[in-house]
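We begin with a single chain expressed as structure tokens, specifically the form predicted alone.
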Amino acid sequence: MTVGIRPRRSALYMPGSNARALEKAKTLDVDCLILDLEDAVVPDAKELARTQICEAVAGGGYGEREVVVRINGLGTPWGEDDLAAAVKAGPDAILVPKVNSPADLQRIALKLAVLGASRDLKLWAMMETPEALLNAGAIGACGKDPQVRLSCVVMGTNDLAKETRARLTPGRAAMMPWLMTCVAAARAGGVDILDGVYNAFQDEEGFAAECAQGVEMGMDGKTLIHPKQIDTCHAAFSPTPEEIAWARKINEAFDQPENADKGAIQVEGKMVERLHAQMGRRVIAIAEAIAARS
């Protein structure tokens, strides 16, 4: 069984300047909470948002939800203070915006060490600039370096559209090469990857279609901008009962003594290889992790 796996089907952005939203987040059935100090907060409210987020994180009450603080970039007037305050508050991860290269993550990781951050504190990286796309493989490879702490990359499709002038159209044809490049980079580095947000949160059909597309691409989950998107997101990114049953059947078959030295066997008239058993173990682990937090 995969050790330490956790579902990241849904990651909801919550503005740090909204104290009521930070409290409401404790009641939402969401896998991850991204408490935002960056895009969702106007400059005049940055310091208030930092105080509110750090008090909320330190105060706890978020249960099994993975709590992530998105800081402002270190090149901004708020980034250094955001980082120091977040480390002190102790979230599960810090989301670094506008990562352009491995050096950006390495710089943050060094500062975490200087600040005495817990070894359990991880880094997430926003992939939202042309430079990030060109350096995707190297950024993903940071997942293999324990000193960098990278555990997840997050697609920032709105910023990518702004920076590249590509249009966000239904089906995201212009984005597909970049999205798939980043999926490959994440898998090469052994880290998770979350799809970008869907802006028209009232469009349930369009959102469901984009979730299904993310699943087909191999995304682990999707970032969200409204709580009403959670259920649809979970329906898309959760293993189905049929997938779980098939995964168990394959693993049970390979566990039989007579199949111990076989690389491929027949299960219900289908040829399956050990790689299918490995894929199945992840399906089962995700399903069990989802059930454990229900």
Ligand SMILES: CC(C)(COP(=O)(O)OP(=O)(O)OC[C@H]1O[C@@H](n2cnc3c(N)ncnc32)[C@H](O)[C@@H]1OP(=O)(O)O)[C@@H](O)C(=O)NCCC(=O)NCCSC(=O)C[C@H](O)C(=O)O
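So that there is no doubt, residue numbering starts at 1 and follows the sequence shown. These numbers were taken from a predicted model, which means no experiment stands behind them.
Keep in mind that the form predicted in complex with the ligand is not shown, yet the notes after this line are about it.
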* Asked: Closest heavy atom of Asp92 to the ligand in the predicted bound form, within 4.5 Å or not?
  -> no
* Does the 4.5 Å heavy atom contact test between Val267 and the ligand in the predicted bound form come out positive? -> no
* To do: Evaluate Pro239 for contact with the ligand in the predicted bound form, applying a 4.5 angstroms cut-off between non-hydrogen atoms, and reply yes or no.
  => no
* Mark Leu83 yes when one of its heavy atoms lies within 4.5 Å of a heavy atom of the ligand in the predicted bound form, and no otherwise. => no
* Would you confirm whether the three residues Ala188, Asn251 and Lys262 all fall within 4.5 Å of the ligand in the predicted bound form, going by non-hydrogen atoms? => no
* Pick from Val87, Val197, Met175, Ala109: which has a non-hydrogen atom within 4.5 Å of the ligand in the predicted bound form? -> Val197
* Candidate stretches 211-219, 73-81, 150-158, 177-185 - the one whose heavy atoms come within 4.5 Å of the ligand in the predicted bound form -> 150-158
* Structure fact -> Of the residues spanning 118-156, the ones with some heavy atom within 4.5 Å of the ligand in the predicted bound form are Met126, Glu128, Gly156
